[in-house]
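Take a look at this single chain, the form predicted on its own, given in structure tokens.
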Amino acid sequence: MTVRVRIAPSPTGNLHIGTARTAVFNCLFARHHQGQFILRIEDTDLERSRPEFTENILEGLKWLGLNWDEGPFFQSERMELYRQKIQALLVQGLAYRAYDAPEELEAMREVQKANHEAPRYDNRHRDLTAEQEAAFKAEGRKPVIRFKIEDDREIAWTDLVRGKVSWKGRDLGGDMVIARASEGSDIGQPLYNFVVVVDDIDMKISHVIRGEDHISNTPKQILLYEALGTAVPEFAHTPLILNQAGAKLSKRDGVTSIADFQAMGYSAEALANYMTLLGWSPPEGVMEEIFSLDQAAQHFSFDRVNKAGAKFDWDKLNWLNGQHLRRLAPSELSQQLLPVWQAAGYEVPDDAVWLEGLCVLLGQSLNRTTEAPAMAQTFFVEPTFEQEAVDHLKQPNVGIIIQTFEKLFREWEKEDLPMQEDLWKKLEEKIQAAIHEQISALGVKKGLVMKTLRMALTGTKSGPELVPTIALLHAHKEVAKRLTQANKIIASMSGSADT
């Protein structure tokens, strides 16, 4: 059997992480079995569906690397097929027209509520006579189409995640509406539970992989598969993504759309990695927790998918994203960070080697690309001195340290600056040697020298590793200039550059 799976998002909103995780599982299953992954847009909700949401869904799937083999197919373009299938059920006596008025249905529900009964349709219009139908039509009533569900029928399937699942027909709410009434059509607007089955049959879907919130739809759809005379696909109902309180993740929890995660600086590879782990466990000793979709597809199976809901963990996502960023080559990370720095308004030099050096320095602490502007600010913007830095510059011996290194770097600026990758290490070694030499010559502690250089060059007490920072600043002749500025601050405080 050829494995054919589908993802069928509704374009009534942006691509949600829950839908995207379902797409990941479908894609991994298809790749594992060398099958086909099909994209279908379920846009039968004409009032809420929007083309901009469709575009967001397509772009989000592409960004995540979830490339489909067929589609996208649009349900709104397939209405005639659905109506033909409904007509066939009407002819076979498996469906019928129901003319209930809204107030009649409401009265029925009120009685059930008063009797503490579950709401259900009582099938009152299942066996209308031709005369009764004619009378309802004469009143101007527009019928819905209902599919017959027998109360004593048991519907069971073996779920690939949950094992044996069984429902009674009497628990499905009575005969099911498969098309609502609408003007200008004898059959009306076909509804979700019906059209999804017609599409799955037409597209030869072998496995329906979706969230557990669809379990209650499955017995109804199995009855429709049978009524339409086709084999029932296999089902896999995956766990929901939960918030930290254990409830289904929703917009109230903040970020839920894939576009939002992208804007927050998460990489497609890391987000796909994390979504895979939301419900699936990689085989121990075979693959590690950090992986690509291709690696996961080699080992993906539903016997490692959990039944319990998967709690969303921001710390875990941040850690995973940082791990993926650190595995990028400096040139690859530079390509990702360059537009982020430019968007922040930085004038980024046209110096690929320097940018890659900066990425090497910052990459070890970077968890999201949106953190890069703040982390790199000292390399693009002249420092603003924090009060702690100003107070430090007042201390004894600080002035002479700054003057000494200012003179040293002025001399170095006369030399050719490193523009090749292999010279960065040599420059850092040269800086390190100079620091040790001046510590000895000035007779001061190393901590004072390092703290002074950091405060004078960056205006703050913390930041990336100091020696590589100095090397990067010196490459663009920033070290001596900033030390001069620090000397001016000292002079303005004491009336002299000497301390």
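Bear in mind that the values here come from a model prediction, so they are computed numbers and not experimental data. Heads up: residue numbers just count along the shown sequence, starting at 1.
Not on display, but discussed next: the form predicted in complex with the RNA.
Residues with any non-hydrogen atom within 4.5 angstroms of the RNA in the predicted complex fall in just one of 205 to 213, 406 to 414, 129 to 137, 346 to 354: 205 to 213. By the 4.5 Å heavy atom rule, the three marked residues 76, 226 and 338 all fail to count as contacting the RNA in the predicted complex. Residue in contact with the RNA in the predicted complex (any heavy atom within 4.5 Å), chosen from 44, 438, 56, 36: 44. Interface residue among 167, 291, 380, 385, judged by heavy atoms within 4.5 Å of the RNA in the predicted complex: 167. In the predicted complex, the RNA sits beyond 4.5 Å of every heavy atom of residue 124. The closest heavy atom approach of residue 10 to the RNA in the predicted complex falls within 4.5 Å. Taking non-hydrogen atoms only, residue 360 never approaches the RNA to within 4.5 angstroms in the predicted complex. Shown alone here, residue 87 lies farther than 4.5 Å from the RNA in the predicted complex, counting heavy atoms only. In the predicted complex, the residues of 108 to 125 lying within 4.5 Å of the RNA by at least one heavy atom are, in order, 109, 116, 117, 118, 119.
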